Structures are given as structure tokens and as C-alpha cells.
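Below, in C-alpha cells: the form predicted on its own, a single chain.
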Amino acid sequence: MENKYQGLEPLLRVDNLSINFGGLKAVDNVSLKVYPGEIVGLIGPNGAGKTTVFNLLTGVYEPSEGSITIDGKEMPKKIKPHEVVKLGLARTFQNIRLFKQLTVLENVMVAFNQEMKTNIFQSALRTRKFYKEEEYYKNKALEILSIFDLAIYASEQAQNLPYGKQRKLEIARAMATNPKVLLLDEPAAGMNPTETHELMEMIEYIRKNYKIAILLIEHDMSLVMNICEYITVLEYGAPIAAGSPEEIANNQRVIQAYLGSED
């Protein structure tokens, strides 16, 4: 770990995380630390268990062993996804999961649901308090969309956005939850080189301005090597290497995992 994180507590700490599906150990003894303002990559061949790790971190699966700590608070083994968001962890998905029939603005406003104070009766009666709160969160959502250069599409249905902008919208919605830790599951999947470059700049902007911890799964090695400070590599659910991009790029065990060997 670089010296600049010495003395800091990690925003995300994963210790000896494992899960069994029947007799199969899908994730085996995975440990991670991600510090404020750090971008860490989680890579490995297809089927290595990367998305399963994300599902463990977000309460989709219950771990068989190990612990997850967010900003000093250990996550209960049984926890619902919306409770994970309250702890300060947000994620995007490998397959985009937007509310496609809703507008771009509404997709971001949905993320404020847990903050809103008006009750169902005030909403149904359209009280002054309801309109005041709605206007506040509408402006807040527009501010976030502006950061991601999406404000001009605010009234468009999400399904009408180009693919790359749908990806950006999903990240914008995750950021609207005010996370301490952001999990990005293959954010560059399906993007062309121009879109991937814009994505890199956007992730760097988030890191610089929000000082959150970012953990990303990605198959685009150019993006990983250019943006991540630390990388953990999985194979068959177990970590086989961890280190700087330079160390990982020259690690023979990693090269064999991706390319195979003559043996």
C-alpha cells in the first residue's frame, strides 16, 4: 500500500470472505482494503467470483465466513440491500439496471427516497411540504446530473439515452445516495474507446472531489492499469495476487490465469 494511506482507516475492509454454494466454494478467503480517495481493481478471468464478491458486499448473498466493515462499522451477515445503502455503500451492475420508462431526472430522484420526510398522505394530497421537498430534491438531482454532463437529458426517458450515457446515469444515481464506498461492476462494458476515456475521467473526478473508496470490476485492462492504484486478482474464487498495476502486469501467476501455460 502506498505511504499516502499510512495512518488512515479503510472505508471498506473485507476480511477472509467466503461463500459456499452446496459443495462449491464460490469465494474463498478474500480480503480487501480500500481507503478514502483510493481506486482498487478486482480482476480475474470469467467465472473467477468477482461479481459474487460484490453480491456479498451488498447483501444479496450471506457470507459463509468472514467479515465486511464499512467506515468502522461491521456489516451484519444478514442484511437487506437498502440497509447496505444506509451504511454508505452503493453499486452499479454489469447489466445496466435503470428504470427505463422513467426520465433521467426521475432515475436520480429515486435515490433520494430514503432521505425524504413527507409521508404517503402528504404525497397523495400534494401538500405544500410535499412540493417544497420535491423541488429541493429535483434541484439536487439536477446538480448531480450536471456533474455527469447529463442535465440536458433530464426530461428524456432513460431508455432513449445512448448506451454510454446510460452507464453514466447509473453511476450518477449511485452517487445520489451519498456513498462512502462505490462499487462499479464492469463500468466500461460495451463502451467504445471515446466513452471509456470519458468514463476514466469521470471516475478520477469522483475520486478527487468526493474522497470516497472505489472498488471496480473490469475486463478492460487498459482502464484498470491506468486508473487503479492497487489490484487484487481472483481465480476460481480465491485471490492469487495483489499489488500495484506494475506488479500485477508482471506477475507470472496472473499471466497464466489469463492466458494459460504450456503445462
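For clarity, every value in this text was computed on a predicted model and none was experimentally measured. Note that residue numbering follows the sequence shown and begins at 1.
Another form exists, predicted together with a small molecule; not displayed. Remarks below refer to it.
Can you pick the one in Ile206, Ala48, Leu57, Cys228 that has a heavy atom within 4.5 Å of the small molecule in the predicted bound form?
Contact check passes for Ala48.
Any chance Phe21, Leu24 and Tyr61 all have a heavy atom within 4.5 Å of the small molecule in the predicted bound form?
Judged in the predicted bound form, Phe21, Leu24 and Tyr61 all sit within 4.5 Å of the small molecule.
Using a 4.5 Å heavy atom cut-off, which of 220 to 228, 39 to 47, 65 to 73, 196 to 204 contacts the small molecule in the predicted bound form?
So the stretch in question is 39 to 47.
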